[in-house]
Structure formats: C-alpha cells, structure tokens
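The chain below stands alone and is given as structure tokens, in the form predicted alone.
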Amino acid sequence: MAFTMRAVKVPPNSASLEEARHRVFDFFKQACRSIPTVMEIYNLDDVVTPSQLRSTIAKEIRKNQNVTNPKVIDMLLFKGTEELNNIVEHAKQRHHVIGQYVIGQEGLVHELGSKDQGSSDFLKKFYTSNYF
C-alpha cells in the first residue's frame, strides 16, 4: 500500500492575541471562499444554501470566542484548517457533511420531539442520549 505523505505546513505561533484574531478572520475568508467548491463536490444545492453554510461556519467559529490564549487559538485554527482540507479534498462523504454542518449536532434530537409524541419516556431518553 503506497502512501505518500503530504507536507503539512504549520504556521508559526501567533505572537499576540491580535495576530491570532487576524488569522481567525483569514481562516473564515478561506472557508467562505471554498463554499462553492464544497457545494459542487457534495451536491448540496438541494439541501442547503451557501448563506446557510456561511452562517454555520460563523457559528462554529463563535463557539470559541471566549478563548484568549493565542496558542489555543492557533491549535483550533490548525484543527479547522485540517477539517476544511478534508472536506475540500473529498475525504468525507456527503452524509458526514450534511449531518455535521447542515443538520448540526442538535438537529436530529430536536426533530424527534415532534415525531415521537406517543413514545414512552424510556425511549425518548434513549433516543436523546444516543444521537452523536
């Protein structure tokens, strides 16, 4: 099994919080510019709009808005860049992208509330605890 390893360039650590903040904005721009490619690769036109994906990316970035350590921000940016590269390079399947970024972590659990009106309490607790 021949496997060629790509050279992953790790940028130097951010010197200050302001520099890390600029890197976050650059990453957001890079992610937004890749949305048309992702929409085409995974055929997401019938499921989501580009503006919805853009707001999902912004929401994911805002989850960590309280982080003030530049090294932690750099680590999160590295993880985000790797995730973006995996998506753009088609290393994920369509249902992974839809489940993670279109439906979201809580999407399926919220839908269960309306569908399982007649279910027992045990099953409702089971379903909510075993998704994702």
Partner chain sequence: MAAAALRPAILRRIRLSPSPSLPFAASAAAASHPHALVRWLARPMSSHDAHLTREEVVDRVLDVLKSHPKVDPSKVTPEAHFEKDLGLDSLDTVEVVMAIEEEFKLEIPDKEADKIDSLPLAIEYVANHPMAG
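Positions refer to the first chain, counted from 1. This is a predicted model, so every value here is computed, not measured.
The next section is about a form of this same protein that is not shown, the form predicted in complex with its partner chain.
- Among the residues 62, 79, 94, 71, the one placing a heavy atom within 4.5 Å of its partner chain in the predicted complex is 62.
- In the predicted complex, its partner chain sits beyond 4.5 Å of every heavy atom of residue 37.
- In the predicted complex, residue 75 stays away from its partner chain, with no heavy atom inside 4.5 Å.
- Interface residue remark: residue 55 is counted as part of the site for its partner chain in the predicted complex, having a heavy atom within 4.5 Å.
- The closest heavy atom approach of residue 90 to its partner chain in the predicted complex falls outside 4.5 Å.
- Within 4.5 angstroms of its partner chain in the predicted complex, the stretch 26 to 42 places a non-hydrogen atom from each of 26, 28, 29, 32, 33, taken in sequence order.
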